[in-house]
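Next up: just one chain, as structure tokens, the form predicted alone.
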């Protein structure tokens, strides 16, 4: 096979498989879950327009909880900040909001009352079928990890957790602390 035939075969393969790859990628994007964004993030569509992927928020985070998305999350999400609460949750230090140069993360005071009123990353939800406390064993680890105990998360008999969505900011500390595998409490992004 000479060079010309090889290049022609390669070009034909690319032209043939590119539409299939594109359609497959589009379907996978629809199935993907939303991301847990850092505190102070704008609404998703605005956030993607404003964020330039500069890595400043990830660098400023003392807990190292902000990860930058890769190509596996779709081209439009590459180099946008995400938080995987199970591995490292947000400690609500608000340093990421202080260094954002574009306003994709709105600067927020470090006062916990202000954070509780202004920040909404997501909302935790308890899977009662998995939670130890709902099966007669006392746990309460999520309650002790919550930065707003008694407001965002309350406990009942056997320390059964109840999430109050109006006060939950979605930091993921409860999800990270959960001792059940898979975790019985998860944060659903806004």
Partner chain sequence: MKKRRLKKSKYQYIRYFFLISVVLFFIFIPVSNWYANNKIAHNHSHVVSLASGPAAGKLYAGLDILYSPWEDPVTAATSNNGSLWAFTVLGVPMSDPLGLISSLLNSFSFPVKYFLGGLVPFLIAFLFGRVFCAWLCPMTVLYAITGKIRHYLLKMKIPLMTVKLEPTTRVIVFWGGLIVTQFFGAWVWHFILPYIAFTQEIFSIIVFSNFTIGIYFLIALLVLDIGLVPDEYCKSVCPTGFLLSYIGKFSLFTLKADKKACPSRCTMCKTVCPLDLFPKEGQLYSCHLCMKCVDNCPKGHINLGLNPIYQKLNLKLNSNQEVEHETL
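The term rigid core refers to the maximal set of C-alpha atoms that superpose within 1.5 Å between the two forms. Since the model is a prediction, treat every value here as computed from it, not as a measurement. Residue numbers count along the first chain shown, from 1.
What comes next is about the form predicted together with its partner chain, which does not appear here.
- With its partner chain omitted here, the record of contacts in the predicted bound form names 47-55 of 157-165, 137-145, 120-128, 47-55, defined by a heavy atom within 4.5 Å.
- Contact check for residue 92: no non-hydrogen atom falls within 4.5 Å of its partner chain in the predicted bound form.
- Heavy atoms of residue 88 reach within 4.5 Å of its partner chain in the predicted bound form, making it an interface residue.
- Not displayed here, its partner chain is approached by residue 76 to within 4.5 Å at the level of heavy atoms in the predicted bound form.
- Contact annotation: residue 100 falls within 4.5 Å of its partner chain in the predicted bound form, judged by heavy atom distances.
- Of all the residues from 48-73, those having a non-hydrogen atom no more than 4.5 Å from its partner chain in the predicted bound form are 49, 50, 51, 52, 53, 54, 55, 56, 58, 59, 60, 61, 62, 63, 64, 66, 67, 70, 71.
- A movement of the C-alpha atom of residue 179 falling short of 2 angstroms is seen between this form and the one not shown when the two forms are aligned on their rigid core.
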